[in-house]
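To begin, one chain is listed below as structure tokens, in the form predicted alone.
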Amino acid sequence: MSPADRIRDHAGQGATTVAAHRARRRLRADRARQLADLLRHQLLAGGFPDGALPHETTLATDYSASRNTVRQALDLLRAEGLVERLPGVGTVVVAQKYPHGLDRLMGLAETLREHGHVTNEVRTVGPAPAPSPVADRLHVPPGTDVLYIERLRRLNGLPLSLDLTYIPLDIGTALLSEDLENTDIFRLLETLTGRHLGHAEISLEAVNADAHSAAVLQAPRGAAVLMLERLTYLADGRPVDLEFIRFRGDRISMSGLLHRSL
């Protein structure tokens, strides 16, 4: 074999070794992510009632994973703010995500009544011209005044969501004299109109927190937040409440029950 051939052969072996190393790293990262998903579900479902996760060795045995994979999975959960490692104690749960169901039309206070007290800081309220997308969805002429409400919603004192709400003014005017700080708008709408809410169209996506949202929610600027867009209708089909709700993703989890129909 010529010197040039030996160099090429050595280079090929080196490339193979590097590729194999990268494949092992990818495989460990995949397994760590899978383990983090399983542990996240457990801790959010109250699977660690004493607040402490099992020792790394126990987790490695229970999930047939290496210690490095377990550490990497715990690092992922730590980066999410769900767990922390305390010297002499181990890995403990330090945050809780509250469940928000997507299969029932309920206000936030109704949804989270078992988890604490929801309060609303009304930051802005009053008539404002409806932008075209808002007017179109509320079935009012563009530029028509609607009631605009901006609220910071807290659960047990902690910022949870920033809600931007648009309501037709013929209904919304009566809301100005109501207790918007301690009562869900859904309940007020049913009381004021004398009709039940019927259904809502929703969409959910992750967006980066802008400077204003991050400051109000006390979240890192640019952090991902869950954006829920919801258009709610009265039982007679009239759209009455368009909301853009930014939830802190580290404090809320969305769930629902879906049925397959063919």
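For every residue, the number given is its place in the sequence shown, counted from 1. The model shown is predicted, which means the values in this text are computed figures rather than measured ones.
The same protein also has a form predicted together with another copy of the chain, omitted here; what follows describes it.
In the predicted bound form, none of the heavy atoms of P159 sits within 4.5 Å of a heavy atom of another copy of the chain. Another copy of the chain is not drawn, but in the predicted bound form it has a heavy atom within 4.5 Å of G198.
With a 4.5 Å cutoff on heavy atoms, T69 does not count as touching another copy of the chain in the predicted bound form; it lies far away. Contact between E229 and another copy of the chain in the predicted bound form is found at the 4.5 Å heavy atom cutoff.
For the candidate set L180, A174, V94, M106, a heavy atom within 4.5 Å of another copy of the chain in the predicted bound form is found for exactly one residue, namely M106. Applying a 4.5 Å heavy atom cutoff to another copy of the chain in the predicted bound form picks out L162, L164, Y166 from 154-181, in order along the sequence.
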